[in-house]
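There is one chain below, alone, in structure tokens, taken in the form predicted alone.
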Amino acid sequence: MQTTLKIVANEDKLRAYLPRELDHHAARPIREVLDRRLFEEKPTVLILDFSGVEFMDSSAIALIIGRASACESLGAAVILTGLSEHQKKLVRLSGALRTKNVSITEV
């Protein structure tokens, strides 16, 4: 089980394997690392992999929306993958999918 953030760069994609708990304590350092990598590598796609996430609160939604904004300025898309049905419901209810460059898929 992934307990820390892991980022894999592949061609023009960054894939972030998110940690088991994604709360307000974990979100800030994740945001800082992701933003630094986004602006250094300028990928066309950021994949946020939730497959290892067992707990998330509203900080996870803020993380998604904030990275969507950062990616939009780079012309990049954000793909959410590995979400449980409950997590998908939370993301949909939050309105995060109304951001034009965010989508859920199983990549």
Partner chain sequence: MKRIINEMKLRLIARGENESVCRAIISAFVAELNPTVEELCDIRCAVSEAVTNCVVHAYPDRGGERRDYIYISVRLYDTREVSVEISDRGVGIENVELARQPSYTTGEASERCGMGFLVMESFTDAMTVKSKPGRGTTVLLKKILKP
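Source: prediction; values computed, not measured. Numbering follows the first chain given and starts at 1.
The discussion below concerns the form predicted in complex with its partner chain, not included here.
The candidate spot formed by 5, 15 and 42 lies out of contact with its partner chain in the predicted bound form, as no residue has a heavy atom within 4.5 Å of it. With a 4.5 Å cutoff on heavy atoms, residue 90 counts as touching its partner chain in the predicted bound form. Contact annotation: residue 73 falls outside 4.5 Å of its partner chain in the predicted bound form, judged by heavy atom distances. Although the partner is absent here, residue 79 lies well away from its partner chain in the predicted bound form, with no heavy atom inside 4.5 Å. Although the partner is absent here, residue 51 is not a contact residue: none of its heavy atoms lies within 4.5 angstroms of its partner chain in the predicted bound form. Contacts between stretch 17 to 33 and its partner chain, counted in the predicted bound form as any heavy atom lying within 4.5 Å, involve 21, 23, 24, 25, 28, 31, listed in sequence order.
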